[in-house]
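Okay, so here's just one chain, in structure tokens, the form predicted alone.
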């Protein structure tokens, strides 16, 4: 199996064929195939250590696969579990950092104006000149989303960005992601360990197991049947899912 170059000809989605990644003797991804259509929100579920974050890092260009027949993805931005804000820069500068460097979109009115406009979309324009340490966890994650979206990416990768938040803040973030998706229609690829979060946010839910996509479900009604199927495919109990939410 040979490694093909990552291409930017995917028209806003993701297409992967035969993707493999090994760390030492451990095979994490094993000939994985993946399709994410333009404008979809796709959630990826899997047990800890199943390779979810490895896949995100490869899609983001932060890691290289060992092999792939085909790897096509448009321009990408990532929001991680930790907001990763620079504490010595005000909030707007943290967002504007994404407008620097190769591949960043040009702005007509300067980086501050673009950053504040995106902060307004996440409800934090009035905090533009504050320092990151003055923000709550949910507010910091909103800034991270603004920083990712200000680049106008084809694909927004969300690597468990809400797992460290309390339940009410997480629900608020879910509503924000849905509003942002409706406004910008970006393709979103969400990695999560929370079945209910996946069902709440996604158009399609994928299950990663043994290095491959083991199951794919369109989000459908009745939702309790989909939830039951996902629990079975992940091999987890209701008690285990309850512990992940608290």
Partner chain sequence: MRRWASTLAVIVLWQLVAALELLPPAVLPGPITLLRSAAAMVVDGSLPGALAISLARVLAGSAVGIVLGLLLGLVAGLWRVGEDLVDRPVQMLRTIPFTALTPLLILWFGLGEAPKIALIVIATVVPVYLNTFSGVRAVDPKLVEVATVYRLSARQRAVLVLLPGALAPVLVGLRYALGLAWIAVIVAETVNPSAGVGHLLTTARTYVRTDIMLICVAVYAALGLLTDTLVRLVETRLLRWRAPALPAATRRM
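Predicted model, so just to flag it, every value in this text is computed and none were measured. Positions refer to the first chain, counted from 1.
As for the form predicted in complex with the partner chain, it is not shown, yet the points below apply to it.
Within this chain, residue 120 is remote from the site of the partner chain in the predicted bound form, having no heavy atom within 4.5 Å. Although the partner is absent here, residue 136 lies within 4.5 Å of the partner chain in the predicted bound form, judged by heavy atoms. The closest heavy atom approach of residue 125 to the partner chain in the predicted bound form falls outside 4.5 Å. When contacts are judged by a 4.5 Å heavy atom cut-off, residue 57 counts as touching the partner chain in the predicted bound form.
Taking the partner chain as it sits in the predicted bound form, the stretch 131-151 comes within 4.5 angstroms of it through a non-hydrogen atom at 131, 133, 134, 136, 139, 142, 147, 148, 151.
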